[in-house]
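Here you get one chain, nothing else, as structure tokens; it is the form predicted on its own.
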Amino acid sequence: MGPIFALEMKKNLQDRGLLFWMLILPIIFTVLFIAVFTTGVDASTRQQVTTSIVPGYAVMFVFFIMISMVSTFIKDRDLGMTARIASTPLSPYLYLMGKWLTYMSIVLIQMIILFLFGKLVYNVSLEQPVLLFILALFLAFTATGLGLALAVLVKTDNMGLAITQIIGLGGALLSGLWIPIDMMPDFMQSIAHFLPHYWAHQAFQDAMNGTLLYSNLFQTLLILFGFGFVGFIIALLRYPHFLKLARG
């Protein structure tokens, strides 16, 4: 598992496309939407909007890691890497874990950078930094767990890109990451409660303001863990079929 983690980290850190999706694009969106929604408002409203947008776009773009995960798995499958690894004593479980830990680390780094950007540029509050880090860790677990499932389910990069956009953008829209949740129709507010984006966004805002209760934290962590765990189980069950498609 260790060599796979090291190899994947090296490849991804050299990937400029990943840098664009994970850092440059979310920063552009954050700056643009803060500029649009805070023009002509008072300081209190500006702070409230900024505290919503910074974690909102961080949560949304976390799920775009799934694009890189799908691309990596398909390349390994088509170039014969998956088949070669399968011929070694390394178990499917450890292979998937090595891949998973790589992308979890990348997402965690992404979250830290985006929140530090919000702090340095917009002076957003980070009143409960330890809880923010725990939430970021569990959100990374969720996004990459779902990404792992998607990577072994889809057959092409384009299919993975389309589904990732649905999960990332659709989930953001339905979860109040673009529009305050209390301004959305009642049926959309109900749907939001079934999405990890909503729970992560609400918890991040509370932790930034220093008002996140431990009961709410544990509820959010349980929900995020559940999504990620289901993704991993799906990936583990689907992996034998994925392996059959691999070139050897």
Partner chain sequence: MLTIQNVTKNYGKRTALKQVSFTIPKGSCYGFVGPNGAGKSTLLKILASIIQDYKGEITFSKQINNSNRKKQIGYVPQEICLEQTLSAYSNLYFFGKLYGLKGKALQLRASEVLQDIGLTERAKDKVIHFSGGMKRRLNIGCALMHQPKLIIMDEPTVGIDPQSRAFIFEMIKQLKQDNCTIIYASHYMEEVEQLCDEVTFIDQGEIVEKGMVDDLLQKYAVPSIFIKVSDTLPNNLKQFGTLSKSKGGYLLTTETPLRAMEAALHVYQDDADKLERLELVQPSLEEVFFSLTGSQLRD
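Positions refer to the first chain, counted from 1. Everything numeric here is computed off the predicted structure, so don't read it as measured data.
Absent from the display: the form predicted in complex with the partner chain. The rest refers to it.
The chain is drawn here without the partner chain; in the predicted complex, the stretch among 83-91, 113-121, 139-147, 165-173 whose residues come within 4.5 Å of it by any heavy atom is 83-91. L79 belongs to the set of residues with a heavy atom inside 4.5 Å of the partner chain in the predicted complex. Residue contact with the partner chain in the predicted complex: K244 places a heavy atom within 4.5 Å of it.
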